[in-house]
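Okay, so here's just one chain, in structure tokens, the form predicted on its own.
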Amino acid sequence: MGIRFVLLVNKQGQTRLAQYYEHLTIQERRALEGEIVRKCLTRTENQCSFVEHRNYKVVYRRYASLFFLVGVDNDENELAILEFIHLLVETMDRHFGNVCELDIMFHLEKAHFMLEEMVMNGYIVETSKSNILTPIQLLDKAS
């Protein structure tokens, strides 16, 4: 399995979106998120965006006030995951118009839907922004 989890976290370390592609109990998720968020948020801009933690490789990127963290297997390509994070941000930007923390908080279901359109069972299955956003736009028209 490639991607194990995707987290969106604000600068204060509060999780705004969490999607897991492997089974972890609530306690395990809470502990994992706390450890990874502390580790990534304390790093400086000059340090690389890859962190090894437990049996994961965590690739992260900061956009404005949000940190996008993706946990992957150790044999996964870090640069490909950085590209995936960038694609996710660009897709959210296209839909929300310069995505921010409030967009994620008030439209959590749309953010999850975008992620579910892009990743299935831990594997990236869709990279076309228009294909990802078309079902969401249809839902918006219907409501």
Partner chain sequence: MTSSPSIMESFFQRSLDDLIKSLRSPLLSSSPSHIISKSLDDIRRELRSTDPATKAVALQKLTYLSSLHSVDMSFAAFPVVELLSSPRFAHKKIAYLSASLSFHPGTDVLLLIPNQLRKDLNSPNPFESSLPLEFLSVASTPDLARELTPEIFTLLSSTKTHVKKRAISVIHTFFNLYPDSVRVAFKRLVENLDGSDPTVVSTAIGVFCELASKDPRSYLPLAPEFYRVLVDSKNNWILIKAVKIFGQLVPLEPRLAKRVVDPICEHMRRTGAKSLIFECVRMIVSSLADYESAVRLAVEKIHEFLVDEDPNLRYLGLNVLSILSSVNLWAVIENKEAIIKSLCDADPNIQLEALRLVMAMVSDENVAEISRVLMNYAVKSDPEFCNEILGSILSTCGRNVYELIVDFDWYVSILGEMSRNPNCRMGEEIECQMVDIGTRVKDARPELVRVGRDLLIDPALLGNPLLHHILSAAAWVSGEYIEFSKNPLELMEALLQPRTNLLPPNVRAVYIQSAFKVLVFTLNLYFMERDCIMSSSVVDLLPGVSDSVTETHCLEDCNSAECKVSVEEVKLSVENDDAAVTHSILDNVRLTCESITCMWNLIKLAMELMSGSEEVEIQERARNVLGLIHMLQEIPGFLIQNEVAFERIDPKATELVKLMLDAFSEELGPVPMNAQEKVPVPDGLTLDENLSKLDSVFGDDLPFSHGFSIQGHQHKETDGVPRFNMMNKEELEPLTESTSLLAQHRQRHGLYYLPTENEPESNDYPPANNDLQSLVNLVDAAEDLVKLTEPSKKPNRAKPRPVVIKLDEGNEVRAKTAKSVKDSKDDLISGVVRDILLGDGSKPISSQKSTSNKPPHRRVKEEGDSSSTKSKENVVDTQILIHGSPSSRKSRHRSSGKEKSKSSQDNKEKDGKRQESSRQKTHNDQYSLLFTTLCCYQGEDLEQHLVFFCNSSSYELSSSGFPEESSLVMEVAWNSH
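All of these numbers come straight from a predicted model, not from anything done at the bench. Numbering follows the first chain given and starts at 1.
Below, we turn to the form predicted in complex with its partner chain, even though it does not appear here.
Novice: Check H95 for me: does it contact its partner chain in the model of the complex (non-hydrogen atoms, 4.5 angstroms)?
Specialist: Outside the cut-off, so no.
Novice: If we define contact as a non-hydrogen atom of the residue within 4.5 angstroms of the partner, is H112 a contact of its partner chain in the model of the complex?
Specialist: It does: once its partner chain is placed as it appears in the model of the complex, H112 has a heavy atom within 4.5 Å of it.
Novice: Hey, in the model of the complex, does E90 get a heavy atom within 4.5 angstroms of its partner chain?
Specialist: Flag for E90 set to no.
Novice: In the model of the complex, does E35 have a heavy atom within 4.5 Å of its partner chain?
Specialist: E35 lies outside the contact set for its partner chain.
Novice: Heavy atom within 4.5 Å of its partner chain in the model of the complex: which residues of 106 to 143 qualify?
Specialist: The stretch touches the partner through F106, L108, E109, H112, F113, E116, E117, V119, M120, N121, Y123, I124, V125, E126, T127, P135, L138, L139.
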